[in-house]
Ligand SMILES: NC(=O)c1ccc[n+]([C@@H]2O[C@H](COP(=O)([O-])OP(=O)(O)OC[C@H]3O[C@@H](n4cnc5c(N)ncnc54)[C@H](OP(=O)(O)O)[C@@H]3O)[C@@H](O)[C@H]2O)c1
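Take a look at this single chain in structure tokens; it is the form predicted alone.
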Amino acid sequence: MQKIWICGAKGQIGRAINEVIDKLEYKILDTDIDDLDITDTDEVLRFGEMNRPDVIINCAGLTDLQECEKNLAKAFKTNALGARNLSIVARKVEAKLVHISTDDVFDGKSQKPYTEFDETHPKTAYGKSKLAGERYVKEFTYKHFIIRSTWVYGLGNNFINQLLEKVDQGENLSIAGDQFGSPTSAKELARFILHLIQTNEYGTYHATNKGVCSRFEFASEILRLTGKQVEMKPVVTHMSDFSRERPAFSVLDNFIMTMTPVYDFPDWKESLKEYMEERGLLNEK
């Protein structure tokens, strides 16, 4: 039975992996910040050497964009040095390492979807710290999968929950009509990760649901599926009620997957409907 160590197990992707994984096939080692500090090199090494996982999945990270800007040292300590420590122990115990990254490693100014071969130009502290983490992963371990995704939603705090909370409060909403991305299900990402770790197709992957929409179109589809109604209008990003710090263009091209057919993501609307149904949010009328 393979051992999988999930760091950041209480986050959206960590929880999704636990939801879809076959517990009879794998032994799961779940840790989060209360259990283990990935920025503590000795603590990480002790845990890794004691448990000797076959796969380490790094879902941990400081993702709050404002907090990253305010506390640069904390951002790099968590997102870069944490990734370095997990890479060191992965190499030491010969484990495969899955590292979750982000579209924020790009500047968001492109007119076409970013491929894995495009130059990275992060503009935010979050993006810069995540890119530094990617570089440590590449430096310290060779059996790695770096996975960049965008607009991820799952169990936990996300755009869907924030939107529906404001809708239930009866607020009129202003949603960015000039931000574009591919809403991506954490559960679908989890399925992809579990498939990928059975291969030796190491490297960097862009992994998102198919299709592209604006933030306003995403919100409109959420309301359509729930049957909720509220006055909502598309606005420019700086006037939006949500996502003011997000880049304008977050569209990733799953380019490697078109050349190495390791997985096929469904359309974003299909996965969103599955999520809504499982959470009891889908209006059946």
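This is a predicted model, so every value here is computed, not measured. In case it trips you up, residue 1 is the first one in the sequence shown, and so on.
Unshown form predicted together with the ligand; subsequent notes refer to it.
Every member of the trio Cys59, Tyr126 and Ser149 reaches the ligand in the model of the complex with some non-hydrogen atom inside 4.5 Å. Partner contacts here mean any heavy atom within 4.5 Å of the ligand in the model of the complex, and among 253-261, 36-44, 49-57, 230-238 they occur only in 36-44. Contact annotation: Lys10 falls within 4.5 Å of the ligand in the model of the complex, judged by heavy atom distances. Interface membership of Thr63, defined by any non-hydrogen atom within 4.5 Å of the ligand in the model of the complex, is confirmed. Among heavy atoms of Asp32, some come within 4.5 Å of the ligand in the model of the complex. In the model of the complex, the ligand stays beyond 4.5 Å of every heavy atom belonging to Gln179. Distance criterion of 4.5 Å from any heavy atom to the ligand in the model of the complex singles out Ile100 from the list Val105, Ile100, Leu97, Ala75.
Contact residues in stretch 186-212 (any heavy atom within 4.5 Å of the ligand, taken in the model of the complex) are absent; none meets the cut-off.
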